[in-house]
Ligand SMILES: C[S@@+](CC[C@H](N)C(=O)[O-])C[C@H]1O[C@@H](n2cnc3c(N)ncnc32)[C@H](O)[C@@H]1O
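Form predicted on its own, single chain, as C-alpha coordinates, below.
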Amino acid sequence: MGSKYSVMASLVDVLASLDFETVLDAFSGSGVVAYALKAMGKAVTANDFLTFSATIARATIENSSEQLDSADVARIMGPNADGRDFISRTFRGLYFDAGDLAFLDSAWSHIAHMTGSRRDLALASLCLAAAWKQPRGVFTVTSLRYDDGRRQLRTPLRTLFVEAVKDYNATVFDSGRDHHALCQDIADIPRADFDAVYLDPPYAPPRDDCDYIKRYHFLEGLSVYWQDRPIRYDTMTRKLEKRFTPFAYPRTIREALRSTFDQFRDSTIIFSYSSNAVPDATELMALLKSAKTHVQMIEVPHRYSFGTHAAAQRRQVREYIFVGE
(Lines give C-alpha, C1' and ligand atoms only; values in the text may rest on other atoms or scores of the structure.)
Protein backbone atom coordinates (compact mmCIF):
# COMPACT_ATOMS: atom_id res chain seq x y z
CA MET A 1 0.00 0.00 0.00
CA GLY A 2 1.42 3.33 -1.04
CA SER A 3 4.53 1.95 -2.74
CA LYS A 4 5.94 4.18 -5.48
CA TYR A 5 7.27 1.25 -7.52
CA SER A 6 4.83 1.67 -10.42
CA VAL A 7 5.56 5.40 -10.88
CA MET A 8 9.32 5.25 -10.30
CA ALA A 9 10.28 6.02 -13.91
CA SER A 10 8.47 9.37 -13.79
CA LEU A 11 9.66 10.14 -10.29
CA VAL A 12 13.30 9.41 -11.16
CA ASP A 13 13.02 11.76 -14.15
CA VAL A 14 11.88 14.51 -11.79
CA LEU A 15 14.60 13.76 -9.23
CA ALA A 16 17.31 13.66 -11.91
CA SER A 17 16.35 17.17 -13.06
CA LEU A 18 17.12 18.68 -9.64
CA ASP A 19 20.45 19.77 -8.18
CA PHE A 20 21.07 18.20 -4.75
CA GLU A 21 23.54 15.91 -3.01
CA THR A 22 21.98 15.12 0.39
CA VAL A 23 18.38 13.99 0.62
CA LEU A 24 15.87 12.82 3.21
CA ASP A 25 13.19 10.29 2.27
CA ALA A 26 10.95 11.14 5.19
CA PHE A 27 8.32 8.39 4.77
CA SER A 28 10.48 5.66 3.26
CA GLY A 29 8.02 2.74 3.52
CA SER A 30 9.12 -0.07 1.22
CA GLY A 31 12.38 1.81 0.57
CA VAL A 32 12.03 1.88 -3.22
CA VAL A 33 12.51 5.66 -3.56
CA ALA A 34 15.40 5.80 -1.09
CA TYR A 35 17.03 2.93 -2.97
CA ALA A 36 16.65 4.76 -6.29
CA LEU A 37 18.22 7.86 -4.74
CA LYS A 38 21.12 5.75 -3.47
CA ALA A 39 21.56 4.33 -6.98
CA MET A 40 21.60 7.90 -8.32
CA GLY A 41 24.66 8.62 -6.16
CA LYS A 42 22.94 10.78 -3.56
CA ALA A 43 23.72 10.70 0.17
CA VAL A 44 20.44 9.32 1.51
CA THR A 45 18.76 9.39 4.89
CA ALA A 46 15.69 7.14 4.95
CA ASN A 47 13.14 7.54 7.73
CA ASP A 48 9.90 5.85 8.72
CA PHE A 49 8.03 5.69 12.01
CA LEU A 50 7.28 1.99 11.45
CA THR A 51 10.04 -0.30 12.70
CA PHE A 52 9.75 -2.87 9.93
CA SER A 53 10.14 -0.14 7.29
CA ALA A 54 13.17 1.30 9.11
CA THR A 55 14.61 -2.23 9.26
CA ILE A 56 14.29 -2.53 5.47
CA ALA A 57 16.07 0.82 5.10
CA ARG A 58 18.94 -0.25 7.35
CA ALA A 59 19.30 -3.47 5.36
CA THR A 60 19.21 -1.91 1.89
CA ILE A 61 20.08 1.80 2.18
CA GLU A 62 22.40 2.19 5.18
CA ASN A 63 24.05 -1.17 4.54
CA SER A 64 26.63 -1.04 1.76
CA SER A 65 28.51 -4.33 2.11
CA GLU A 66 27.07 -6.95 4.47
CA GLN A 67 25.15 -9.95 3.13
CA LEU A 68 23.76 -13.11 4.70
CA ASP A 69 25.92 -16.11 3.83
CA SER A 70 24.93 -19.78 3.69
CA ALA A 71 26.03 -20.33 7.30
CA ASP A 72 23.75 -17.51 8.49
CA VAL A 73 20.80 -18.97 6.61
CA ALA A 74 21.49 -22.51 7.83
CA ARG A 75 21.61 -21.31 11.43
CA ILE A 76 18.34 -19.35 11.12
CA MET A 77 16.70 -22.38 9.50
CA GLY A 78 17.91 -24.68 12.28
CA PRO A 79 16.00 -26.03 15.31
CA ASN A 80 14.50 -23.64 17.82
CA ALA A 81 17.39 -22.53 20.04
CA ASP A 82 15.45 -21.48 23.13
CA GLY A 83 11.98 -23.02 22.87
CA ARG A 84 10.17 -19.73 22.32
CA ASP A 85 6.60 -20.09 21.07
CA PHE A 86 4.98 -16.66 21.41
CA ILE A 87 3.99 -16.44 17.74
CA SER A 88 2.65 -19.99 17.67
CA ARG A 89 0.50 -19.38 20.75
CA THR A 90 -0.65 -15.87 19.93
CA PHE A 91 -1.53 -16.38 16.27
CA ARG A 92 -2.70 -20.00 16.36
CA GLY A 93 -5.26 -20.45 13.57
CA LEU A 94 -4.54 -17.00 12.10
CA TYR A 95 -2.69 -16.17 8.89
CA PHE A 96 -0.36 -19.20 8.72
CA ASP A 97 -0.44 -22.88 9.59
CA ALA A 98 1.25 -24.33 12.67
CA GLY A 99 4.46 -25.19 10.81
CA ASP A 100 4.87 -21.67 9.47
CA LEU A 101 4.19 -20.07 12.86
CA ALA A 102 6.70 -22.42 14.51
CA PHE A 103 9.29 -21.44 11.89
CA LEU A 104 8.86 -17.75 12.72
CA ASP A 105 9.46 -18.48 16.41
CA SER A 106 12.45 -20.67 15.61
CA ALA A 107 13.97 -18.15 13.19
CA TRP A 108 13.70 -15.41 15.80
CA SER A 109 15.45 -17.63 18.37
CA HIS A 110 18.56 -17.28 16.18
CA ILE A 111 18.05 -13.76 14.80
CA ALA A 112 17.81 -12.48 18.38
CA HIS A 113 21.56 -13.11 18.75
CA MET A 114 22.53 -11.40 15.49
CA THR A 115 23.67 -7.78 15.25
CA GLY A 116 24.13 -5.05 12.69
CA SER A 117 23.25 -5.27 9.02
CA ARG A 118 23.01 -9.06 8.99
CA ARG A 119 20.29 -8.92 11.62
CA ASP A 120 18.49 -6.26 9.57
CA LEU A 121 18.74 -8.38 6.41
CA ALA A 122 17.40 -11.42 8.26
CA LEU A 123 14.44 -9.50 9.68
CA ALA A 124 13.68 -7.78 6.37
CA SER A 125 13.69 -11.19 4.69
CA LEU A 126 11.44 -12.69 7.36
CA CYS A 127 8.97 -9.82 6.96
CA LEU A 128 9.02 -10.11 3.17
CA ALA A 129 8.37 -13.85 3.35
CA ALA A 130 5.39 -13.22 5.64
CA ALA A 131 4.01 -10.52 3.34
CA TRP A 132 4.37 -12.83 0.31
CA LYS A 133 2.46 -15.58 2.11
CA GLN A 134 -0.46 -13.33 3.12
CA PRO A 135 -3.27 -12.57 0.61
CA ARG A 136 -2.90 -8.98 -0.65
CA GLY A 137 0.16 -8.71 1.57
CA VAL A 138 -1.89 -7.11 4.37
CA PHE A 139 -3.08 -8.49 7.68
CA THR A 140 -6.68 -7.33 7.82
CA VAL A 141 -7.97 -10.80 6.87
CA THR A 142 -7.16 -14.16 8.42
CA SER A 143 -8.13 -16.54 5.63
CA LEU A 144 -7.58 -17.17 1.91
CA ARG A 145 -10.77 -15.30 1.08
CA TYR A 146 -8.73 -13.05 -1.23
CA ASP A 147 -6.75 -15.83 -2.88
CA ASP A 148 -5.04 -14.22 -5.88
CA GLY A 149 -3.53 -17.44 -7.19
CA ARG A 150 0.08 -16.63 -6.30
CA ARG A 151 2.22 -19.68 -5.59
CA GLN A 152 3.58 -18.00 -2.45
CA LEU A 153 0.23 -18.47 -0.72
CA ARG A 154 0.88 -22.21 -0.64
CA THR A 155 4.65 -22.19 -0.27
CA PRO A 156 6.13 -22.88 3.20
CA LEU A 157 7.52 -19.80 4.92
CA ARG A 158 10.89 -21.54 5.26
CA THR A 159 11.17 -21.68 1.47
CA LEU A 160 9.96 -18.10 1.04
CA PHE A 161 12.50 -16.89 3.60
CA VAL A 162 15.38 -18.40 1.60
CA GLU A 163 14.05 -16.72 -1.55
CA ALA A 164 13.70 -13.39 0.26
CA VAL A 165 17.28 -13.60 1.54
CA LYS A 166 18.51 -14.08 -2.01
CA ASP A 167 16.54 -11.06 -3.18
CA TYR A 168 17.68 -8.81 -0.35
CA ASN A 169 21.30 -9.90 -0.68
CA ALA A 170 21.12 -8.82 -4.31
CA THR A 171 20.15 -5.27 -3.31
CA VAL A 172 23.34 -4.63 -1.33
CA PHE A 173 25.89 -2.34 -3.01
CA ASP A 174 28.35 0.41 -2.12
CA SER A 175 27.55 3.74 -3.77
CA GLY A 176 30.59 5.44 -2.28
CA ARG A 177 28.42 7.66 -0.07
CA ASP A 178 27.37 7.44 3.57
CA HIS A 179 23.70 6.63 4.12
CA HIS A 180 21.54 6.54 7.22
CA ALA A 181 18.26 4.95 8.30
CA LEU A 182 16.06 6.46 11.02
CA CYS A 183 12.91 5.38 12.83
CA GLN A 184 11.45 8.68 14.01
CA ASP A 185 8.43 10.89 13.88
CA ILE A 186 9.07 13.33 11.06
CA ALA A 187 8.58 16.29 13.40
CA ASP A 188 11.70 15.22 15.34
CA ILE A 189 14.04 15.37 12.33
CA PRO A 190 16.23 18.52 12.11
CA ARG A 191 14.98 20.88 9.43
CA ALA A 192 18.14 22.16 7.77
CA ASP A 193 20.33 19.09 7.30
CA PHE A 194 19.31 18.18 3.72
CA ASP A 195 19.58 19.75 0.28
CA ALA A 196 16.32 18.02 -0.69
CA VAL A 197 13.48 16.30 1.13
CA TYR A 198 11.18 13.74 -0.48
CA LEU A 199 7.75 13.53 1.15
CA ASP A 200 5.38 10.66 0.49
CA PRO A 201 3.05 10.71 3.51
CA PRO A 202 -0.02 8.52 3.91
CA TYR A 203 -2.77 9.64 1.54
CA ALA A 204 -5.75 10.65 3.66
CA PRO A 205 -8.94 9.26 2.07
CA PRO A 206 -12.12 11.38 1.97
CA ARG A 207 -13.60 9.00 4.56
CA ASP A 208 -12.12 6.45 6.99
CA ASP A 209 -8.35 6.63 7.54
CA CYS A 210 -5.03 5.51 6.05
CA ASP A 211 -3.76 3.43 8.95
CA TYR A 212 -0.66 1.41 8.10
CA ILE A 213 -0.59 -0.26 11.53
CA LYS A 214 -4.05 -1.71 10.84
CA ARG A 215 -2.81 -3.30 7.62
CA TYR A 216 0.76 -4.22 8.52
CA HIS A 217 0.57 -4.83 12.27
CA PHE A 218 1.91 -8.39 11.94
CA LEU A 219 5.05 -7.21 10.11
CA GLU A 220 5.58 -4.43 12.64
CA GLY A 221 5.33 -6.92 15.50
CA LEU A 222 7.47 -9.51 13.73
CA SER A 223 10.29 -6.99 13.24
CA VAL A 224 10.73 -6.68 17.03
CA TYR A 225 9.16 -9.98 18.18
CA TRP A 226 6.33 -7.85 19.60
CA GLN A 227 8.63 -6.34 22.26
CA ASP A 228 6.95 -3.17 23.56
CA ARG A 229 4.19 -3.61 20.96
CA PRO A 230 0.94 -4.17 22.92
CA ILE A 231 -1.50 -6.46 21.11
CA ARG A 232 -5.21 -5.78 21.10
CA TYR A 233 -6.49 -9.20 22.07
CA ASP A 234 -10.06 -7.96 21.64
CA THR A 235 -9.54 -7.94 17.86
CA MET A 236 -9.87 -11.03 15.69
CA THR A 237 -6.71 -10.17 13.77
CA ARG A 238 -4.61 -9.49 16.90
CA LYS A 239 -3.90 -5.92 15.86
CA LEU A 240 -1.40 -3.67 17.58
CA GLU A 241 -2.50 -0.58 19.42
CA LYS A 242 -2.86 2.21 16.89
CA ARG A 243 -0.14 4.84 16.67
CA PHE A 244 -1.65 8.18 15.76
CA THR A 245 -0.29 10.11 12.81
CA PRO A 246 -2.02 13.28 11.65
CA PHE A 247 -1.27 12.44 8.02
CA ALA A 248 -3.79 9.57 8.04
CA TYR A 249 -6.99 11.52 8.66
CA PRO A 250 -8.96 14.09 6.61
CA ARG A 251 -9.48 16.29 9.68
CA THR A 252 -5.76 16.62 10.47
CA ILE A 253 -3.93 16.18 7.14
CA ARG A 254 -3.92 19.86 6.13
CA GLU A 255 -2.22 21.16 9.25
CA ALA A 256 0.21 18.21 9.19
CA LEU A 257 1.25 19.09 5.64
CA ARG A 258 1.47 22.81 6.40
CA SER A 259 3.72 22.15 9.39
CA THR A 260 5.95 19.72 7.46
CA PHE A 261 6.37 22.06 4.50
CA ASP A 262 7.39 24.81 6.91
CA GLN A 263 9.80 22.46 8.73
CA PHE A 264 11.72 21.83 5.51
CA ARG A 265 11.29 25.22 3.85
CA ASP A 266 15.08 25.58 3.53
CA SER A 267 15.34 22.39 1.40
CA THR A 268 14.04 21.59 -2.06
CA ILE A 269 10.78 19.72 -1.42
CA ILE A 270 9.61 16.89 -3.66
CA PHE A 271 6.13 15.85 -2.59
CA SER A 272 4.03 12.91 -3.82
CA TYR A 273 0.27 12.68 -3.38
CA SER A 274 -2.71 11.02 -5.03
CA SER A 275 -5.84 12.38 -6.70
CA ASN A 276 -8.04 9.93 -4.77
CA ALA A 277 -7.19 11.56 -1.44
CA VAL A 278 -7.74 14.89 0.31
CA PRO A 279 -6.77 17.71 -0.04
CA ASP A 280 -7.11 18.15 -3.81
CA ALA A 281 -4.36 19.40 -6.12
CA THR A 282 -5.35 23.08 -5.89
CA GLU A 283 -5.22 23.08 -2.12
CA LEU A 284 -1.98 21.08 -2.07
CA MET A 285 -0.40 23.65 -4.36
CA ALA A 286 -1.49 26.46 -2.03
CA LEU A 287 -0.18 24.67 1.04
CA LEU A 288 3.23 24.12 -0.53
CA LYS A 289 3.38 27.71 -1.77
CA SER A 290 3.02 28.87 1.82
CA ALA A 291 6.58 27.58 2.35
CA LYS A 292 8.19 27.65 -1.13
CA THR A 293 8.35 30.46 -3.68
CA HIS A 294 8.43 28.38 -6.86
CA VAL A 295 6.18 25.31 -7.11
CA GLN A 296 5.47 23.08 -10.09
CA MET A 297 3.26 20.01 -10.35
CA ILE A 298 3.65 16.96 -12.59
CA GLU A 299 0.70 14.57 -13.05
CA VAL A 300 1.39 10.90 -13.65
CA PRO A 301 -1.48 8.57 -14.68
CA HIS A 302 -1.47 5.66 -12.28
CA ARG A 303 -3.60 2.53 -12.16
CA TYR A 304 -4.04 1.96 -8.47
CA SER A 305 -4.66 -1.50 -7.10
CA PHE A 306 -4.83 -2.56 -3.47
CA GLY A 307 -3.01 -5.88 -3.47
CA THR A 308 -1.94 -8.15 -6.29
CA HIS A 309 -5.05 -10.28 -6.80
CA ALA A 310 -6.52 -10.30 -10.30
CA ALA A 311 -10.05 -9.49 -9.11
CA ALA A 312 -9.02 -6.38 -7.18
CA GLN A 313 -11.07 -3.24 -7.77
CA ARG A 314 -8.87 -0.95 -9.83
CA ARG A 315 -9.36 2.64 -10.76
CA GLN A 316 -7.39 5.13 -12.74
CA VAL A 317 -6.02 7.94 -10.60
CA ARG A 318 -3.32 10.55 -10.98
CA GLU A 319 -0.16 10.67 -8.94
CA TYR A 320 0.82 14.27 -8.24
CA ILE A 321 4.52 15.08 -7.93
CA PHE A 322 5.08 18.60 -6.60
CA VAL A 323 8.47 20.29 -6.59
CA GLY A 324 8.98 23.33 -4.36
CA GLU A 325 12.17 25.35 -4.66
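Residue positions are given as counts along the sequence shown, with the first one as 1. Only a predicted model underlies this, so the values are computations on that prediction, with no experimental measurement involved.
One more form of this protein, predicted in complex with this ligand, exists but is not displayed; see below.
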Discussion item. Taking any heavy atom pair closer than or equal to 4.5 Å as contact, tell me whether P201 reaches this ligand in the predicted complex.
Written reply: yes
Worksheet item: Does at least one non-hydrogen atom of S267 fall within 4.5 angstroms of this ligand in the predicted complex?
Response: no
Practice prompt. Answer for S30 alone: is it within 4.5 Å of this ligand in the predicted complex, judged on heavy atom distances?
Written response: yes
Worksheet item: So in the predicted complex, does any heavy atom of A26 sit within 4.5 Å of this ligand?
Response: yes
Worksheet, complete the sentence: Within 4.5 Å of this ligand in the predicted complex, heavy atom basis, the matching stretch of 144-152, 241-249, 71-79, 96-104 is 241-249
Worksheet item: Ok, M297, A43, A291, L50: which has a heavy atom sitting within 4.5 Å of this ligand in the predicted complex?
Response: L50
Practice prompt. Just give me the single entry in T159, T235, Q184, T90 that has a non-hydrogen atom within 4.5 angstroms of this ligand in the predicted complex.
Written response: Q184
Worksheet item: Within 206-241, which residues have a heavy atom closer than or equal to 4.5 Å from this ligand in the predicted complex?
Response: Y212
